[in-house]
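Presented below, as C-alpha cells, is a lone chain in the form predicted on its own.
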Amino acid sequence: MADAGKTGDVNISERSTAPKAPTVEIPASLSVKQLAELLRITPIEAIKQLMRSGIMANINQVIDYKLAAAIAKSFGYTPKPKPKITKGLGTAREIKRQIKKEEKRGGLQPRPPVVTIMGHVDHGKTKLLDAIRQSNVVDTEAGGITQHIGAYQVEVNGKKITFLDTPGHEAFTAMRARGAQITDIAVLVVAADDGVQPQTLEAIAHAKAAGVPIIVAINKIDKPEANPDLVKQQLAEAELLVEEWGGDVISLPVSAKEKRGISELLENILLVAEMEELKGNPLQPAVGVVIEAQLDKFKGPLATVLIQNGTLKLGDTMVVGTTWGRVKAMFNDLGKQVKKADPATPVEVLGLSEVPGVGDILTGVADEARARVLIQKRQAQTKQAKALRLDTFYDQIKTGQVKELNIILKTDVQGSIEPIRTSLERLSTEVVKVSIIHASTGNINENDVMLSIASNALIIGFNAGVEPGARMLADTKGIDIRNYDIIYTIVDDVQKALQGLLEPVVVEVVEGRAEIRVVFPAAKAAKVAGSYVTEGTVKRNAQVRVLRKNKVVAESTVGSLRRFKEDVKEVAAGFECGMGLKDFHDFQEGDILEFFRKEKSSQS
C-alpha cells in the first residue's frame, strides 16, 4: 500500500469550482472517514478519489493535510489549515498577559506543569495517581471512588510535576466556568479492556474546549482482554488521533496495578511541558485558584489553593473571590507547614474570613484597602457578566465581543449529529465561526450546562429532553437552551442570529394566583374583587387574566390594590386583599385571577 501520509507527485484532477468556493478547515492529520464527513461526501467517494491518484487507503487510514487539501480542492472546496484551540479563559488570560510582560522584563523561570487526570469513572484514574505517588490514595476513599479534589506534587529526575486528582471533568470544567484555567496538560485514562465510554467522550470534549494538550494513558494492559489497538481506533473516531495513527497525541500503555509504563508517562509529561515552555515569576504577588475549601471547626476557613504565578508568603494579604484575609499558616500536600508557595505549587491556606468557593481566584494585594477595592471590582464584574444568547448574539458580533459561536449539540439518536453538525458549521463566515464543541446523544444534563458556562456556548437539543437539574442550573446562570424537532429550523434560527434577524422568544411567567371570595360594589358601577392570594405575589399594574371554570373570560391589568383600606404595592401569598382591574368589573365569586409577566426567554 502506498503511503497515505505523503502526496509525493500525486496528480489529483481538480474540478472547476464556482468563483466563491466554500472554505473548509482541515487539521494537520485526519482519517479518510473524517475527511469525508468534513467534505459532506461518502467515504467511498473519498477512497475512489485517492485511488485515482494511485493511493490505496481504507476508511480508517490517516492522511496528512497536504493530501487532504488536494482531495478537498477536487470536490470544489478551498482548504485551509485548522487552527489549534488557544488556551485561556478569564483570569487565565490575565495571567498569560502578565507573564508576557514579565518575559520582556526578565525574571521568568520555568515552573512545574499542572496535570489533570481525566476519564471514565472506573478506568483507574486514582489508581494511576496512586502508582505515581507510591502511596495508597484509593484505600482512603469510600468504595475506591475519589470523593474530593486533591493536589499533589511529585519529583521526576529532579523536576516537579503537580497533579490534580479530580472526581472527573465536571470539576475540571466547573473551575473553568468560574474563570480559572488551571490545567496545563490533561492525561486521559482509558481502560484497555473497556475502551472509549460516554464519559471518555465528555472528558475529551472538555479538554479540547479548554485547549490543553492531551496525553492518553491506555490503562489495564495487564488484563488478558486488553485491546489497545481498538482503543486507538475508537479515539480516532472521536477525533483524537494518536501518534501511531498519524496524529499528534501521545498515547502510552500503562498498568497502574503492576506499575508498568509509569516512568514513560512521567517522562512524556515533562516532554510536553518543555514544549509548552511553562514559566512563572516567583517575584510577583501571588495569583492562584481555589481547588478545595472547607470550614474546620478548630482552624476556621481553610482553602486549598494552586498558586499559578507569583509567590504566596506568610503574612501576605490576599483576596479570594469576594472575601479576604492574611496568610496565618500554609501546609503543603504532605501536611508540612511551609513559609512560601511558588508558581504551580498547591498549598492549604489558613487566614481567610470566610470559606471561599471552588474556582475562586486568589490575588495577593498590598493591604486591606487594596483588598476592599478589588472585592468591589469583582462584585461589579460578576453582575455585568452575561451568558451567550442566540437572540442577542448579533449585537455581540457587532461590538467585537465574540468571533465564534460555540454550540453544544444533544440529539436523540447518533445519526442526527453529523447532518446537524455539517449544516451548522457551513454557516461560518469570515467574521464569525460556528463550532460544535461537543455533540452526543441523550438528554441535556448538568454537565452540558457546566461546559456551556465554561465555554460560553449555546446548547441546542434535537428531540432531546432537559433534565430538571440542568434546567435549574441553566435558568440560574442564564444559559440559552433551545429545543427543536426539525433540522431546518435549527439552521434557520442560527443563520438569522448571525445576521441579526432572529426575534427573541417571548414567554409568560406566572407570578401569582388569587381566588375571588367576595365582590364589593364601588363608585360608578365599578366593582372590587375581595381576594385571597393563594400563590406567589400580586403587584399593582401587573398583567392578569380572569379564569372562570378554567376558561379565560378576560385579560387586564391590576388598577388598584388595597389591604384594610390602605393602598399597597404588592400582596404576598396567604394574605387577603381587594383589587380593581382596568376595564373589567364582571367578577364572580370563585373566579381565579392569574398574574403574569411577559419576558424574553432563552427557551424555544
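The model shown is predicted, which means the values in this text are computed figures rather than measured ones. Throughout, we count residues from 1 along the sequence that is shown.
Only in words, not in the display: the form predicted in complex with guanosine-5'-diphosphate, which the text now covers.
Novice: Arg372 versus guanosine-5'-diphosphate, in the model of the complex: is there a non-hydrogen atom within 4.5 Å?
Specialist: Taking the distances in the model of the complex, the answer for Arg372 is no, it never comes within 4.5 Å of guanosine-5'-diphosphate.
Novice: Mark Thr126 yes when one of its heavy atoms lies within 4.5 Å of a heavy atom of guanosine-5'-diphosphate in the model of the complex, and no otherwise.
Specialist: Thr126: contacts guanosine-5'-diphosphate in the model of the complex.
Novice: Is Ala238 close enough to guanosine-5'-diphosphate in the model of the complex to count, meaning some heavy atom within 4.5 Å?
Specialist: So Ala238 does not count as contacting guanosine-5'-diphosphate.
Novice: Tell me, yes or no, whether Lys496 is in contact with guanosine-5'-diphosphate in the model of the complex, where a contact means a heavy atom of each within 4.5 Å.
Specialist: It does not: once guanosine-5'-diphosphate is placed as it appears in the model of the complex, Lys496 has no heavy atom within 4.5 Å of it.
Novice: Tell me, which of Ala207, Leu405, Met450, Ala256 has a heavy atom within 4.5 angstroms of guanosine-5'-diphosphate in the model of the complex?
Specialist: The residue in contact is Ala256.
Novice: Just give me the single entry in Leu230, Ala522, Val121, Leu283 that has a non-hydrogen atom within 4.5 angstroms of guanosine-5'-diphosphate in the model of the complex.
Specialist: It is Val121 that has a heavy atom within 4.5 Å of the partner.
Novice: For the chain seen here without its partner, which of 411 to 419, 324 to 332, 113 to 121, 294 to 302 has a heavy atom within 4.5 Å of guanosine-5'-diphosphate in the model of the complex?
Specialist: Answer to the contact question: 113 to 121.
Novice: Heavy atoms within 4.5 Å of guanosine-5'-diphosphate in the model of the complex is the criterion; list the residues of 511 to 535 that meet it.
Specialist: The stretch does not touch the partner at all.
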